[in-house]
Every structure is written in structure tokens, then in C-alpha cells.
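One chain comes next, on its own, written out as C-alpha cells in the form predicted on its own.
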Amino acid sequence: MRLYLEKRDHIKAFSRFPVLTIALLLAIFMSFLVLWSVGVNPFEAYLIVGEEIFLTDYGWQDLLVKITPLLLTGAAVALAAQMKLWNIGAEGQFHMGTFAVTWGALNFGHLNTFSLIPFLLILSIIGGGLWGCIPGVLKSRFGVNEIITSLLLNYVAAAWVDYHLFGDWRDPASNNFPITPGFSESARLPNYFDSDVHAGLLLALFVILVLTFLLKKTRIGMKIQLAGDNLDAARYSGISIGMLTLIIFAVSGAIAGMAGFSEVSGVHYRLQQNISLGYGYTGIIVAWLARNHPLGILLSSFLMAVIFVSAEILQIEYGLPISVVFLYQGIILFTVLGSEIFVEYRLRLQKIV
């Protein structure tokens, strides 16, 4: 007797749900083992985490703050994936968004809020969008693999931001710490309900709704999905694949740039080194868990935000390092990717004669 994988002829619409549920339960079990291996009682730890996140005002505030950039970076990756393009550069586009916003805030901080906030938002769109255009041009014009170019540009963007943080933008009063001077009040996003939750959350939800409408109800959305389903059919129908590729990368980068805007103007009020907690890379997991559906990003972003906040609580309660976040993300990505094979294939038992 031997086991083998058989390709499914038809994949039911809801067949992924039970597989994904099992994958997430497996991820939770593996995280239990990780906590046990470092001497932490997982049952006690998860009880503390659950109480801190869902039963305290601070927990909900932190959750909504963390979910904001994840919604945007997840949407950025998902949009490109609709056309089977892999934008691995949301992290770099996030950084270029923060760079553009910081330039605007430091040079035009004297403007009033009603003028400056829209101006900074536009700058973040331009910064992230132009950075996204680079792999877009290389892909559409020269056929260069977008995974490699977008990934490598992440390091370039981070180095570019560091260059300014250690140079002309460094705050003289920071004791040589790589941070800029604080933004003026007019460059800061408003907060709601006397909490840390800021207007960037509304911006992220608006972007999700716009993307949903764009993909489902517009001609360009139909072109994107046609190109993603069948590239040859899209070409035969007269769609310019090169131009559409460039547009997708530009818009995807612009959305990731807006995530940078929400973080630097809504949370930190200045640019600092390592301002991203890996939001751009986590956006890849968010998009994958959501099957690249804009509305599904709401749920997957919530899940990843819970992981971010949980790791912070574990740091405070047990002294665990921030690498726990990346370990959890890796476990989830591994289990979810591995579970895909059981969606496409079924296990069969064959008798060996």
C-alpha cells in the first residue's frame, strides 16, 4: 500500500475553509510547543494575552493601531496578485512613503492641518507609487522578474531612509539617536475617542472599499482579473499588458506608501529607524490568507494584528524578544502554504501489486 496525491478535477468554493481552519489550528499548536520550549506556560500566556487584548481599552487601541498599516500593505500586495504579479516590495514602498511624508512635514510644517495632511497623503502616494514603478517598468519593458527586483528594492529604500536619519534629518537634541525632529501639530493625523486610534484606520478602510468596487464593478477591474486568469486571452482582447502591469505596480506601491503615511503621521509623529515592524512583509501573509480578496484582508489583517500585539504582551510579561513575532508569522505562512496542497489535491491509498 502506498499514499499518493491525486489532482482534484473540481475545487469547491468552500473547500479551502476547513483546510485553512486546520492549518491555523496546527499553527496554534506549534506556537504552544515554541512557548513550552522557552519555559513559558502556553495556557497561562494565551490567557494573559486574551485578557490584555480583548478585555482592556489599551488592548483594543493597540490592535486597531496595528491593523491600520496591515490593511494597506495587505491591499497593496493583493492588488498586484490579482494579475498574478508578486509585489514583494511593499516594505520598501512603505519606507519611501514615510520618506516623502517626512520631507513634506519638515519643510512645510508651518501650513495648517487642512492643507498639510492632504499634501502629505499625496506625497506618500507619489513616494510609494514611484518606487513601485521601478519593478513595474523592469517587468513590463524588459521582462525582469518582479519578485527579485521588488524584494531587493526594500533594502535600497531602508538604506536611503537611514542615510537621511544619520545625516541632515537627525534631530540635534536626540543625542545622536537616528530620529528626526518631531512633526508640527498640523502634520499629525487626528485621534479618536481620546485614544491612540487615528484617522489612518478610516483611510485604510476606504482604500479596501475602493479596491473592492474597482475590481468588481469597473472595466479596468475586469481587465486586471482577465489578465490574471489568462494572459494570452487578455492580449487577444486588446489589453496592453505592459501598461496594465505598470499601472498595477504604481497603484500597489502608492497604497503601501499610504501605510507609511499612516504610521509616521498617525503614530510616531517623526521618522525613526526601523519604523516598520515588517509591515510590508507581513502584508504578503495578509494577502495570502485573504486569497487576495480585498474584503478578506479585513479578517487576515485582524489576525496578524493580534499576533503583533500578543508578541508585545509576551515581551512585557515574559521578556521574550520581538523575533517571536517573526517566528509566529513564519509558522502561519508555512502551515497555510503547506495546506494549499490539500485544496488542489486529495490523498489516495493505492494497493501495490
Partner chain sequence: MHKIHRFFLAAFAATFFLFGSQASMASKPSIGFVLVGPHNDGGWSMRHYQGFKSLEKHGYESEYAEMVPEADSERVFRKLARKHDVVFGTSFGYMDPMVAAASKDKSNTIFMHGTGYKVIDGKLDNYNCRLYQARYLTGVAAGMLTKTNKIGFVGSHPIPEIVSNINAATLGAQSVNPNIEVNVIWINSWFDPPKDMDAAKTVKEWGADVLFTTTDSPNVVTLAQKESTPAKPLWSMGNDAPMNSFGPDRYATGAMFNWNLFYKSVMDSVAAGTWKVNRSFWGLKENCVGLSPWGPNVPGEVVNKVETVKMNWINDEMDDDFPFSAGFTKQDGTVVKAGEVGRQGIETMQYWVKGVISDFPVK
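Here, rigid core means the biggest group of C-alpha atoms that superpose within 1.5 Å across both forms. The shown structure was predicted, so the numbers you read here are calculated from the model rather than taken from an experiment. Positions refer to the first chain, counted from 1.
The next section is about a form of this same protein that is not shown, the form predicted together with the partner chain.
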item: The single option of 272, 245, 212, 184 touching the partner chain in the predicted complex, heavy atom within 4.5 Å; value: 272
item: Candidate stretches 222-230, 111-119, 248-256, 174-182, one within 4.5 Å of the partner chain in the predicted complex by heavy atom; value: 174-182
item: 4.5 angstroms heavy atom contact with the partner chain in the predicted complex for residue 28; value: no
item: Contact of residue 67 with the partner chain in the predicted complex (heavy atom, 4.5 Å); value: no
item: 4.5 Å heavy atom contact, residue 198 to the partner chain in the predicted complex; value: no
item: Residue 41, heavy atom within 4.5 angstroms of the partner chain in the predicted complex; value: no
item: Partner contacts for 52-90, taking the partner chain in the predicted complex and a 4.5 Å heavy atom cut-off; value: 52, 58, 61, 62, 66
item: Residue 288 C-alpha relocation of at least 2 Å between this form and the one not shown, rigid core basis; value: no
item: Per-residue C-alpha change between this form and the one not shown, residue 318, threshold 2 Å, rigid core fit; value: yes
